[in-house]
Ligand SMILES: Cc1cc2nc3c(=O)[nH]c(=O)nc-3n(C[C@H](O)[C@H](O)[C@H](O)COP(=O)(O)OP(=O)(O)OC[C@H]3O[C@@H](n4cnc5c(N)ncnc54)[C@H](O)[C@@H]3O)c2cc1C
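Presented as structure tokens, the chain that follows is alone, the form predicted alone.
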């Protein structure tokens, strides 16, 4: 094995961070591992709905990449392109200057960005739920809606303020819808003009049922539970557009909603779309070993890559458990190439999937075992608690969940106004 070289990883999500950690452990110290990320932290995205529902502190679902990947050179900078012939990654520094970094091996693990414009008006009037900033801003907005509903004298305006439409009935959409209904229902007792049943949450899915990756029986259980709680679940309907006061469906039907949330519409990063690498349906097409036939030193994993799964011949879905397993496999394959050994195709048997549906209920399956209700809710929390990367985060998350069992949710609306903003709006104090 050569004792000098550089592996550059683009993307600070589950796949990128796990690949960096594995490579740092397996490669000689003479090898540099460089990780590029737009943010200096890894966000545990499965818990973003809990941030929206104010049952988990936003700071407890992120971890510093530098702390997680000791010995890895971290670059918090946006990548703008690649020069494959020169084996260089192009990025922009804080002054806007273009900088290049050479590599011996390149791992693209940039994920998939949100594409709000897939639905007309969503970019202008909708709320995405992809990043920690999205979740924190949405939580603040929902609490502001409660405050506005308390102030208004108009019952119709109050109804609109407390109406939420979630577009997309996959895991994220279902969990966000359930979390918001819990937030509104649990917080209503603190508002004199808001009744527990005044809030309306609409879950809109274009397919024949919600939670497509799960079994039909679990999806039906989840839908029935959510309907019994008063959630409006619509399946098989198309969203034609989003307006300032709601969602326009096919057939000239409209749902009035003061908040519209997008849980659909993945796009492709421009630097990937313009890379010249083979793509299909917005994802990079790789070999079973997760590299490219024409450029074997370039690898792609995670959501941005259509990775074949040798276990069943399917294309890997965009799930965190697949991303982390691909990261481990690609690290092993890179080490094998450096050492002159053959690579191995990616093969993984999914362990299971869980989804929170609100009111301390969940649905899920582990291999062939299907569970639902409170037991599934407990299992969801146990599984994700075990995935926390540090003891400190385990304690903090456990504290959040314990607090939520015995005490009210935090309904503090965090103001982002600074002194200059206040003075500009209201004048300087005397």
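No experiment lies behind these values; they were computed from the predicted model shown. Positions refer to the first chain, counted from 1.
Not pictured, yet referred to below: the form predicted together with the ligand.
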Counting any heavy atom within 4.5 Å as contact, can you tell me which stretch out of 331 to 339, 298 to 306, 230 to 238, 199 to 207 lines the ligand in the model of the complex?
298 to 306
is_contact(residue 77, the ligand) in the model of the complex, heavy atom dist at most 4.5 Å
yes
Closest heavy atom of residue 172 to the ligand in the model of the complex, within 4.5 Å or not?
yes
Hey, in the model of the complex, is residue 364 touching the ligand, heavy atoms inside 4.5 Å?
no
With heavy atoms only and a cut-off of 4.5 Å, decide whether residue 269 touches the ligand in the model of the complex.
yes
The ligand in the model of the complex: within 4.5 Å of a heavy atom of each of 141, 258 and 411?
no
Interface check vs the ligand in the model of the complex: of 225, 130, 87, 158, the one with a heavy atom inside 4.5 Å is 130
Among the candidate residues 246, 126, 168, 111, which is the single one with a non-hydrogen atom no more than 4.5 Å from the ligand in the model of the complex?
111
Can you list, in sequence order, the residues from 381 to 416 that come within 4.5 Å of the ligand in the model of the complex, counting heavy atoms only?
384
